[in-house]
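Before any questions on how it binds or moves, here is one chain, the form predicted alone, in structure tokens.
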Amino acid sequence: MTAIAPPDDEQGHPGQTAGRTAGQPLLPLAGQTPPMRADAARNRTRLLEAAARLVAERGPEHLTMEAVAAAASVGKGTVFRRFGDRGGLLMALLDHSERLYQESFLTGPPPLGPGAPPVRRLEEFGLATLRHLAAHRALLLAAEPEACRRFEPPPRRLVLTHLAALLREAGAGDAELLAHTLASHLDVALLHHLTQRRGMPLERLEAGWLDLVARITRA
């Protein structure tokens, strides 16, 4: 997924919103495009919408500059001038879908957007995110081709099998799905990020694990 700035700064404080202009996302996309003329922005959106339709119909592996030009009824040179190459087009398409997704929960209507109770918004955020990922799965995986391989190594599968068995024994609902939830906490990249980049002590992660287990297995 296209990288976005975290909601908190590196010290763990709430992200600043001072000076934000109306309509600007609180979590700006890393690849955010500079301001452009209204007609240029409309043309760019039209090209991205054509590209999105092609990806939905054929998959990202079949996305070409020529196909986008034909779908948008413009010359091929227009697409190259706007995005540079196929890689630039894919990144712009990711930014476009991410922007719409972000706006839906940052400034959209409740219950996903502001104005609903926090638990309700959490529920809707998870559902909206799952639907966003499912809708753009092929494009997102094309941008991160290694993402799925983390679930393939035998040690990972063994951990998931072990967790699922324990959850079944504890009578904790959908054991297979919950095993993945627990396993996501036991990720070396996450541990490195939280301990080395965010300065969290290991004891905090351990306490979080015990709290997560207690919540999942609570009758």
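Bear in mind the structure is a predicted one, so any value in this text is a computation, not a measurement. We number the residues from 1 along the sequence you see.
A second form of this protein, the form predicted together with the DNA, is not displayed here; the remarks below concern that form.
S.K.: Checking a candidate spot here: are 148, 153 and 192 all in contact with the DNA in the model of the complex (at least one heavy atom each within 4.5 Å)?
M.R.: Verified in the model of the complex; spot residues all out of contact, no.
S.K.: Just one stretch in 135-143, 114-122, 75-83, 101-109 has heavy atoms within 4.5 Å of the DNA in the model of the complex, so which one is it?
M.R.: The contacting stretch is 75-83.
S.K.: In the model of the complex, does residue 183 have a heavy atom within 4.5 Å of the DNA?
M.R.: Flag for residue 183 set to no.
S.K.: Can you tell me whether residue 170 touches the DNA? I mean in the model of the complex, with a 4.5 angstroms heavy atom cut-off.
M.R.: Because no heavy atom of residue 170 falls inside 4.5 Å of the DNA in the model of the complex, the answer is no.
S.K.: With the partner left out of view, is residue 63 within 4.5 angstroms of the DNA in the model of the complex by any non-hydrogen atom?
M.R.: Heavy-atom contact with the DNA at 4.5 Å: present for residue 63.
S.K.: With the cut-off set at 4.5 Å between non-hydrogen atoms, does residue 36 touch the DNA in the model of the complex?
M.R.: Heavy-atom contact with the DNA at 4.5 Å: present for residue 36.
S.K.: Quick one: from 56, 158, 177, 40, grab the residue that has a heavy atom within 4.5 Å of the DNA in the model of the complex.
M.R.: Looking at the other structure, the residue within range turns out to be 40.
S.K.: Just give me the residues of 187-204, first to last, that have a heavy atom within 4.5 Å of the DNA in the model of the complex.
M.R.: Residues within 4.5 Å: none.
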